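First comes one chain, alone, set out as structure tokens in the form predicted alone.
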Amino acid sequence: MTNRVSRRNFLVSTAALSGLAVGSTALAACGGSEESGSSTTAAGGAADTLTFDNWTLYIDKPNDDLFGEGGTLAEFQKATGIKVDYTEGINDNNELFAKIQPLLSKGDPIGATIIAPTYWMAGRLLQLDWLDQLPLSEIPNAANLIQSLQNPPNDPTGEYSLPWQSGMAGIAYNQAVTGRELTTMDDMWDPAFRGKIGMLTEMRDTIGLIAMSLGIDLANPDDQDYQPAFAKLEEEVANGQIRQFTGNDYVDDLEQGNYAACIGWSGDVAQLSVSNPDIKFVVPESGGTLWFDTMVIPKGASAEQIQAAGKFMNFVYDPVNAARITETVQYISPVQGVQEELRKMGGEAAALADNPLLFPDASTLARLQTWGTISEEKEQQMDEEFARISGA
């Protein structure tokens, strides 16, 4: 999702205001940072150094120190002797693609051994044959992957990617405004809420939820006709039901009561509801979208670094280590056993173990769909149609 940078920055400010020991989860793209160095150096080299380019604020950093005592990166280096050159360069999936395409298209390394694009962008990179296979023999903890993220549409064999963190898109609403609970997409079209409904500028989430409400599947998008979903969206725009299309700044309108409801992201509501219990999140009866950012190895890394990348992936797939990350980022961990480890940690971490937005139950997971890979031609058509309707 291209709008999660400011969304995760919002979570940081919310956590700071509420005094919680919580980091936000913003995104990132290959480019490096002044503090951690550039990620444009050659990706080859010794196995004792690994470069991971990720979204900002997307890993635990005790005392704002990437290598602080007890932090994931420091613990990994202590356990393996491998130092992680961790950069926070990913800002947007399309921006990421624009940065790495000139290099990968020529067979040149991008400088990062691991990057974590959103799953659909990872699928695009795989289609272009720009990814190396994961060294699965180095990653026995991949067996800890939660079932809902196994064999995703973007990587059906699971040989090229492993999820980093995940989240849901569904209905976010302010019960002080609606006066009732909302459970379906049809509730969003209630005339009582005319002019108080928000849609996301992220096409996959907005069209995805509308499509599912019309019985249209997301797993094989090239085989599906999404025109009814676009037509429904255009109808609601025309009749004034929709106030506007936004990125994560929907949270302000939702909290202030300008929105009765909107399509929103689970992580936002997890934080908003701490200070405002009227803010609710629900996966519609017809379904919501499940998105995830996923670790991949772009071509160009040395064999030694690919092995080192596998060791890192194995480390963060240990439930104890994964729980430390979850305590900070507060999204859905891809690792089984994290809930139990959070309870063992006690305090605020233990409280997170009972948060249904971090640990959705089986009935909720059953209603979630992940978009399959869309061909470039169809994606362009859908983006153009969405832009026309949304006024982008």
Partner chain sequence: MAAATTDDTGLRRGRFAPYGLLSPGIIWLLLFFLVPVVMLVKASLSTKPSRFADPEFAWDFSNYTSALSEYSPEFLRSFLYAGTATVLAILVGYPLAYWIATCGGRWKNFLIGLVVVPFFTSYLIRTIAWTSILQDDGPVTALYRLLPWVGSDGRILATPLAVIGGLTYNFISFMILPIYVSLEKIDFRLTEAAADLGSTPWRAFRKVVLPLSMPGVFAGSLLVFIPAAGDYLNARYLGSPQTSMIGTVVQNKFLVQFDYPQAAALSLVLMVIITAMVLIYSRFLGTEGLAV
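Residue numbers count along the first chain shown, from 1. Computed from a prediction, not measured in an experiment: that's the story for all the values here.
Keep in mind the form predicted together with its partner chain is missing from the figure; the text below concerns it.
**Q** When the contact criterion is heavy atoms within 4.5 Å, does Q101 count as touching its partner chain in the model of the complex?
**A** Yes, Q101 lies within 4.5 Å of its partner chain in the model of the complex.
**Q** When the contact criterion is heavy atoms within 4.5 Å, does F97 count as touching its partner chain in the model of the complex?
**A** Looking in the model of the complex, residue contacts with its partner chain include F97, since a heavy atom lies within 4.5 Å.
**Q** Residue-level contact is defined here as any heavy atom of the residue lying within 4.5 Å of its partner chain in the model of the complex; does Q256 satisfy this criterion?
**A** So Q256 counts as contacting its partner chain.
**Q** Counting only non-hydrogen atoms and a 4.5 angstroms cut-off, does F245 reach its partner chain in the model of the complex?
**A** Within the cut-off, so yes.
**Q** In terms of non-hydrogen atoms within 4.5 angstroms, which of the given stretches 234-242, 208-216, 277-285, 70-78 touches its partner chain in the model of the complex?
**A** Contact-bearing stretch, as computed: 234-242.
**Q** Could you work out which of P140, P156, G195, P228 is the residue within 4.5 angstroms of its partner chain in the model of the complex, going by heavy atoms?
**A** Answer to the contact question: G195.
**Q** May I ask you to choose, among R124, K83, K299, K311, the residue with a heavy atom within 4.5 Å of its partner chain in the model of the complex?
**A** Checking each option against its partner chain in the model of the complex, the one that comes within 4.5 Å is R124.
**Q** Would all three of L182, M185 and D190 be in contact with its partner chain in the model of the complex, where contact means some heavy atom lies within 4.5 Å?
**A** Answer is no for this spot.
**Q** Using a 4.5 Å cut-off on heavy atoms, which residues of 366-392 contact its partner chain in the model of the complex?
**A** Read in sequence order, the residues that approach its partner chain (within 4.5 Å, in the model of the complex) are E376, E379, Q380, D383, E384, A387, I389, S390, G391, A392.
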